[in-house]
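Heads up, the chain below is alone and in the form predicted on its own; it's given as structure tokens.
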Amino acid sequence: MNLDQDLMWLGAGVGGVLVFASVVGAILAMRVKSEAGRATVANLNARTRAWWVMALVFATALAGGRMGVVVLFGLLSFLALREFVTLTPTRRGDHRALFWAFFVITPAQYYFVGTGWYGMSAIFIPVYAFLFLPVRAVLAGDCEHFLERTAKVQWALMACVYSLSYVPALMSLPIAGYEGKNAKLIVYLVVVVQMSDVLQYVWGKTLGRHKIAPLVSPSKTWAGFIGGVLSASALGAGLWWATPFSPWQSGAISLALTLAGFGGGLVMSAIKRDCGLKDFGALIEGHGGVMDRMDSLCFSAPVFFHVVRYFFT
């Protein structure tokens, strides 16, 4: 298969799943009569509509090549960073540091990713931004909760910008025999990680009884976790033909991605609970905010990038 055929098959698969979900949602909307059941179905249909929009936006970005993906994830990072900072109260002394985080550091990170400058994109935020932001903040002369405030801004940049920037960075990996096909790696990553979330939700709703961390995320159960991780790993193994991996390698990598994604979702849930909120925002119908949808990718994207870079380049 060539690149176009592979992407067409992947797109057809995603479209088929969304069509199936839409049909099931329409049938359930006609048949379910109880108030609680109708609320659940309405939420399911809202999520499906949002998935349609997200899939179309993602496909448009892929059509734009490397720059299209860089622009999309740069925008997503900006929105996620905004949501994250909004949840964590700041003081007047943080405003200049936040200006740098939003309008200098974030665009610079994606510039380095877009130009394929791996060395700088890998250390810019963890080293230079990490050192610069507290210096900029301390010049405001506000020492109250200084360590806590600085750590929140640094953590926000790491999660919302640095980690997510590893998704478009996949486009620049020089994989022998896979030249010009890296867009499929991004599709593979997003499909495996997002389907893991969906399948964990489905398994949890159908068989879930025992909660993993009820005070952190009441909806996460052992049945949902095990069923979702194994199902998504099997899906990833089945998608080996779109990657430079063998079937067993694809399955192992998918397992690592789903575990990392689960950890990311749990960590972000803890942050929301700490702030007394259910969602990071309300931008995406049925899903919450951008960060609610990107939380798994924040942890899985760096893992995927470095596994591929270390073993396949």
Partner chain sequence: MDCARTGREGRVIKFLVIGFVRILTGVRARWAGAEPSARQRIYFANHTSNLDAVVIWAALPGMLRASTRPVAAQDYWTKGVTRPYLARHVFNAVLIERKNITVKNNPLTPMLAALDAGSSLIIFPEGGRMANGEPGVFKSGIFHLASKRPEVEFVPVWIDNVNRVLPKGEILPVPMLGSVTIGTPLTLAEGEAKDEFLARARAAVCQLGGITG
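Residue numbers count along the first chain shown, from 1. All figures in this text were calculated on a predicted structure; none of them were measured in a lab.
There is another form of the same protein, the form predicted together with its partner chain; it is not shown, and what comes next is about it.
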task = Go through 189 to 197, 234 to 242, 157 to 165, 94 to 102 and give me the stretch that gets within 4.5 Å of its partner chain in the predicted complex, heavy atoms only.
result = 94 to 102
ask   = Would residue 283 sit within 4.5 Å of its partner chain in the predicted complex, counting heavy atoms only?
value = yes
message = How about residue 85 - does it come within 4.5 Å of its partner chain in the predicted complex, if we only consider non-hydrogen atoms?
response = yes
task = Answer with yes or no whether residue 78 is in contact with its partner chain in the predicted complex, where contact means some heavy atom within 4.5 Å.
result = yes
query = Do residue 180 and its partner chain share at least one heavy atom pair within 4.5 Å in the predicted complex?
reply = no
note = Assert contact residue (its partner chain, in the predicted complex, non-hydrogen atom within 4.5 Å, options 119, 214, 89, 141) equals 89
